[in-house]
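First, one chain by itself in structure tokens, the form predicted alone.
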Amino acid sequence: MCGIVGYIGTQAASSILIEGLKTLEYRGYDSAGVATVSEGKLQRTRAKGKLVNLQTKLEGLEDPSRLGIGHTRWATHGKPEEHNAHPHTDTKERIAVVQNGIIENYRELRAELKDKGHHFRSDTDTEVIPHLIAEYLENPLDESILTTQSELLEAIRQAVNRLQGAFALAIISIDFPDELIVVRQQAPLAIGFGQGEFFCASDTPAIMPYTQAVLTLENGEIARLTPMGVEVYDFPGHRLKKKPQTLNWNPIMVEKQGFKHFMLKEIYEQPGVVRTCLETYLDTAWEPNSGHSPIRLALPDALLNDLQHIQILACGTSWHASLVGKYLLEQVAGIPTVVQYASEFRYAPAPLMPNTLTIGVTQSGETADTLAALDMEQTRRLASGKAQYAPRMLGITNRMDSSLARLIPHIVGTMAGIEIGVAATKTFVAQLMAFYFLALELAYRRQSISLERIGEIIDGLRQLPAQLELVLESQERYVEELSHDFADTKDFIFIGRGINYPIALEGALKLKEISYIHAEGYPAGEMKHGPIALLDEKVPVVAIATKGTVYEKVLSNAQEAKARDARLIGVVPMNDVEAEETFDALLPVPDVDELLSPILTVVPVQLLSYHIAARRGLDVDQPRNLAKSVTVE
């Protein structure tokens, strides 16, 4: 979850580190720090809070160092105070380390090192690492097998083989001023190749302004970066042959482009995201009599044929998208589907069922619980030795260069582009699109619905970009004005039924994430079974009520809330007279096929959450206690 950057080359390192940390601040903003090496000195600067506090400390400091590491922190061990901020050093302050992840056995290592005379200054798990490296520099093991002459690399190799947990590291030392060592074990880390200079970062956007040649380290790998090049080794010490890949991203993708916040920009990018998804995965010339599938997912027959069951593993917003996916896979493709929290599944997996497709959904492709659950599922199915339990694994992610894409053989990319705002918006819609395409592909194969019905759904999908633009154009100013009424609200309720129940959950999550207002999402039919006791004139209720099988039911549930004096906000079809009579405020969307409505109904609740948070003067893009990629358990 934390952000790591590193640089070695011909330029002043500090400015490159700060720019990289700005790009990675979405990964954590409890504290930040940098360390550089030059002329036998290690200069370390750290600050509590957001990156701007570190920048203030660095103003006016002359630092010509061409080697350095930086870190922006999301606290796990130790409070977000300056003494816990990275980089951390050894007792003699000759080694500096930044880390993303958790060292699970740090307590016993800390006790061992204290007994050997090492002095600790923080409450973090990370601090054991520089001390352990220093110990192996002074007292190396005899079984050193590296062909390189780097004493630092060998000491680090010996140290990381003592560590348990998930971690990515960047390490420098004043005794080795031409070396930057980086390590990956279950936490993302990439190396950028420039002209006579090299970069490392926990996410590629920090590297993109300087180079598009990137090498992603695999688990259990160590790399040594020097002005002469990059060497990669495995943890046992064997030299590996690796080649960088070329990214096709443009730095302009991570700019605000005139919007006040990244979140608002990304909400407005959703029509374009849907267009890109349609262009990528839909045969635009398809007709019901075409004689072939309308969907171009390029997935093998062996993965999709004869399925009896689907299980989806996800967390957070991806879990909500997966609930919509469950509805589509069951109602369109006719396949029984369950959605599991990955964090629960990895410790209490469901019994093995035959001919099961397992889908992992993660925006970043780095979500620790989802990766661990998928890895466990793949392993236990292989261990069964039975053909009917053989793993069929599919990933849905926005990052085709992620750990998920290396773990799972088949991936559906969501084509949303880089998302900087911590609260997911456009990536949620892109995940929904992936599920529409998968459900239609399976429906075509299984003939679970008619070709004419498939054609109707596809026609509706093609109209969504223009309809999304209409929602944004018609609602932005009204929602901003409406948000003024809720700046001091303490509680919110969101309700929906059927395919829009997950949108109620997602609306509540968005509001909680960025406005810090307590909000809950419920199936509308469950209100009478307890939650209705929460309602009074101080608790607004947002109801998602679109035309279809449960429309009248949701209106009835809304009336029950109104009878308890709750203020009613309706996400409803445009020009609907009955809705106008029921709700106190309307957030209208085009009247579409109920099956397609979540793509539209989520936008008003995104806008409502955004404007309430902005009205409250909060940091919309970087809400407290949250990080974009949850890379620790």
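Bear in mind the structure is a predicted one, so any value in this text is a computation, not a measurement. A residue's number is simply how far along the shown sequence it sits, counting from 1.
Omitted here: the form predicted in complex with a small molecule. The next part is about that form.
- Note on the interface: of 497-505, 359-367, 205-213, 101-109, the segment with non-hydrogen atoms within 4.5 angstroms of the small molecule in the model of the complex is 359-367.
- The single contact residue among Q270, T126, T317, Q311, judged by any heavy atom lying within 4.5 Å of the small molecule in the model of the complex, is T317.
- The single contact residue among E377, E266, D90, E513, judged by any heavy atom lying within 4.5 Å of the small molecule in the model of the complex, is E513.
- Taking the partner from the other structure, the small molecule in the model of the complex has a heavy atom within 4.5 Å of a heavy atom of L509.
- Looking at A430, you'd find every heavy atom of it more than 4.5 angstroms from the small molecule in the model of the complex.
- Contact annotation: V554 falls outside 4.5 Å of the small molecule in the model of the complex, judged by heavy atom distances.
- Proximity of V422 to the small molecule in the model of the complex falls within the 4.5 Å heavy atom cutoff.
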